[in-house]
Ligand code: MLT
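First comes one chain, alone, set out as structure tokens in the form predicted alone.
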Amino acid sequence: MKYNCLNSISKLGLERLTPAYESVADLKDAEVVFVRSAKMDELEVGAGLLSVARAGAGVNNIPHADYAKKGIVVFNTPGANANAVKELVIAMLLLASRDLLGGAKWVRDNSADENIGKTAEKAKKAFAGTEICGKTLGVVGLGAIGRLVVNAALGLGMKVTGYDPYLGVGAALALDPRVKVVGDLADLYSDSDFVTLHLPALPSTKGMVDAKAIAQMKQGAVLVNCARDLIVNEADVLAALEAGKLRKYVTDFATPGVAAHPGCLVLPHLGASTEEAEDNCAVMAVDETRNFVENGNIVNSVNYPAVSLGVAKAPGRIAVCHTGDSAVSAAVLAALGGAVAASASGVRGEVGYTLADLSAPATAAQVEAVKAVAGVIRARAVK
């Protein structure tokens, strides 16, 4: 199995690949790809590409919808970098409340002063701030990262209001009872001294923090964005800063509009930039890829349904990508006839996936019979 790393991937992950996996320099030769931030919509991939594993959560750099139509399964690593992002969010809350960066810059600028200790005592009032203890943090999105942020904020003495339209019953019950969960974003905005965003970049979330949303926030609120820059309407955020409606915009995404603005504190996308997060993401990406290649199982895909038959112990197994019609799955199984010992399938939007365990090793004739079924995008013999 030939693989290509479009970005530097932690050795801790790559060491989990067996000798059956061969690194190739040309992307067009790769059957599986590991990626972090490289924009794959600008790259040409080979016809033999089976999967792409993103060592991170966001996949806006991968044309996963188009890949689905080609039978290319795209994985991400949800939760693997959650703690790193959580810690950055807490740091951002503190940096927005205390002018630590300004104070540190003053010390550096005055480092030649032989009496800097005495001078500092007079200068420090210019860098006075506020405490976050007792303030209310609004957490928009209560997924893996959002829940960690909630717990950390509570531990620092903050009050927390949360919002997530897709929050399941189990996840809701797992939240600390001190969290005030609201069903309307307007209630969160009006309640919060700080608002932190933890949502994916989707058509439904693009630009959702706009002038209307900001108008619902407290006067002098701080907006923290470690999610995606596209979630906020940048022009509206800058206008709110100029008007004093927002006290500070703290973001992990540098753009020309915010980079030099005095009301913005901008970092160069450091959310997952820790050794631990890079290791965790690489390990998960490799494990997901191996499970797919060697067992046909799909776990944590962003463009195909989750389907698994566990470790491939049967004599044979065939994996099939097809259109999102359950009738196609039935036709695939029918094409295999009495050879099927067990099967599993699922549909996600316009595509589906079927796994079939066989009573004997899969043959080329069986794979060709499946490929001939109307609606099949790709079929391969796992074993």
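Just so you know, these numbers come straight off a predicted model, no measurement behind them. All residue numbers refer to positions in the sequence shown, first residue = 1.
Absent from the display: the form predicted together with the ligand. The rest refers to it.
Peer 1: Would Gly46 show up as a contact with the ligand in the predicted bound form if we use heavy atoms at 4.5 Å?
Peer 2: So Gly46 does not count as contacting the ligand.
Peer 1: Is Ala272 close enough to the ligand in the predicted bound form to count, meaning some heavy atom within 4.5 Å?
Peer 2: Residue-level check for Ala272: yes, a contact with the ligand.
Peer 1: Can you tell me whether Ala57 touches the ligand? I mean in the predicted bound form, with a 4.5 angstroms heavy atom cut-off.
Peer 2: Ala57: contacts the ligand in the predicted bound form.
Peer 1: Hey, in the predicted bound form, is Arg228 touching the ligand, heavy atoms inside 4.5 Å?
Peer 2: Judged by the heavy-atom cut-off of 4.5 Å, Arg228 is in contact with the ligand in the predicted bound form.
Peer 1: Looking at Thr289, Ser192, Asn81, Asn297 here, can you tell me which has any non-hydrogen atom within 4.5 angstroms of the ligand in the predicted bound form?
Peer 2: Among Thr289, Ser192, Asn81, Asn297, a heavy atom within 4.5 Å of the ligand in the predicted bound form occurs only for Asn81.
Peer 1: For the chain seen here without its partner, which of 319 to 327, 352 to 360, 48 to 56, 334 to 342 has a heavy atom within 4.5 Å of the ligand in the predicted bound form?
Peer 2: Heavy-atom contact with the partner occurs in 48 to 56.
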